[in-house]
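So this first bit is one chain, no partners, the form predicted on its own, shown in C-alpha cells.
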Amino acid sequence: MIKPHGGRLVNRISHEERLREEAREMPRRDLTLDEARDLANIGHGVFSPLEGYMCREDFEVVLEEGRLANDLPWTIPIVIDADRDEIARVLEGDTLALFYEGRPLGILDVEEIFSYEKKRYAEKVFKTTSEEHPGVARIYAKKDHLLGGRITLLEDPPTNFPRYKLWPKETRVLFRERGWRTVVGFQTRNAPHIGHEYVQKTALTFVDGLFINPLIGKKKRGDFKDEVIIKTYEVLFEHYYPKDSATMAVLETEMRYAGPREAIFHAIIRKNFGCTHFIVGRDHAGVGNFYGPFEAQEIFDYYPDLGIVPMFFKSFFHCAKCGGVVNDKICPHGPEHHINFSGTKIREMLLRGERPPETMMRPEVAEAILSFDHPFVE
C-alpha cells in the first residue's frame, strides 16, 4: 500500500485521563468547530507529516515555495491564531489547552509565538488580496499572532455523520481488506451531477477502487449543505455504483477555495487516506474568476515528488449526437450538439423547484435535493 506523506502516518492521540485533568488547569484557547476538526485531523494523521501547528520556518517556506522546510510538498499553512490578551499568560515552552464547547480536546506545546503579514499570507496562498475571495476574508479576520508546536489530541470533536467518519488508519485497513492495490480519490463539495459520475467511473476503469471523500465543513454561501451532499451520494451509491469497487467517507475540514494550492493539499490528504490516484477536474477548489480553468492541474508539474498520481479531466459534456457523456478528445461534433454541466444552471433550476433533465442529473439525486426546503448554504 502507498506510504503516507512523509513516510509515516502521524498519531498524536492520548487517552490519559491525567492529561484531561491537567488541561483544565492550563491557560486555554477555545476552538471553533472547524478548528476542532483540524486539531483532530492532525492527531489522526490526515495532515501527515504535520504533528502540530506550523512554526515560523515551515510557515514561511510553505508561503514562498509550497513546501515544508524539509522540502516535502505542502501548500496550505496549518496554523492557529491568537491575540496577545488571549495568550497573556502563555510563553514559548508553555502548554496551552485547546477547548471546544467546554471540553478539553487537546493540548498544544507552544514552541513559537510569532507575528505574520496577512496580506502576504493571502497573496501567496490565494494569489489575491481581494476580500471578495472567501479565503482571503478569513485570513483578514484572523488574530495577529500564530502559535506553533506539537499537539496532543485528547478527544475527537462531534460529527454529524458517524457512519461515514473514517480516519486514515481505518480507510487503509478497508482498502486492504477489499484487495484494492490502486485507489482513486475524489474530492467534492457538491451534490453529484452526471458529469461527476462520468469522471468518477472513468477513473475507476483504471484502478481497483473509488474513494468518494466529500468535504464536510465551512463553505461559502450558495454551496450545497453537508447533509444534502451526503444524501445525494447515498442515493447515487444505492442505484448506480458497484458495491465492491466504490466507497465513501467524509473529510471534515473547511473549504479554503485556494484553487491550485488546495488541489495539491487535497491530493496529499487522500494519499494519507491510502489513495494512489487523485481526480483533478476543471477549476478544482476554485471560486469566482480568481483562477484559470486548468491552473489546478498545471501546478502538479511543479510536484513530481508528490507521491500520488493525478488524473486530469479537462472538459466533458453530454453530446446529443454521440448519445451520452463524452469529452473533447473523443467527440467530433460541434457545440450545437453539446449540453454542458453548468453548476450554476443546475442550482438555478433547483432553486425554482425544478428537476434538472436526466442528461444533467440522475432523477433520484434531484429528488433527494428537492426533499430539502433549503439545500444551499445561506
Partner chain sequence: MEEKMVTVEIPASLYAKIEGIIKDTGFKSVSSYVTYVLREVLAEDEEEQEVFSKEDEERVKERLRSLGYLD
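Numbering follows the first chain given and starts at 1. What you see is a predicted model, and the numbers here were worked out from it, not measured in a lab.
Omitted from view is the form predicted in complex with the partner chain, to which the following refers.
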| property | result |
| --- | --- |
| Partner proximity in the model of the complex: Asn327 to the partner chain, non-hydrogen atom cutoff 4.5 Å | no |
| Non-hydrogen atom contact Arg67 with the partner chain in the model of the complex at 4.5 angstroms | yes |
| Contact test in the model of the complex: Glu348 vs the partner chain, heavy atoms, 4.5 Å | no |
| Partner contact for Pro310 in the model of the complex: the partner chain, 4.5 angstroms, heavy atom | no |
| All of Glu17, Arg28 and Ile87 within 4.5 Å of the partner chain in the model of the complex, heavy atom check | no |
| Heavy atom within 4.5 Å of the partner chain in the model of the complex - residue from Val79, Ile76, Leu174, Ala122 | Leu174 |
| Heavy atom within 4.5 Å of the partner chain in the model of the complex - the one residue of Pro242, Gly93, Pro304, Gly102 that qualifies | Pro304 |
| Interface segment, criterion being heavy atoms within 4.5 Å of the partner chain in the model of the complex, picked from 158 to 166, 278 to 286, 184 to 192, 130 to 138 | 158 to 166 |
| Sequence-ordered list of residues in 243 to 267 near the partner chain in the model of the complex, where near means a heavy atom within 4.5 Å | Thr247, Met248, Ala249 |
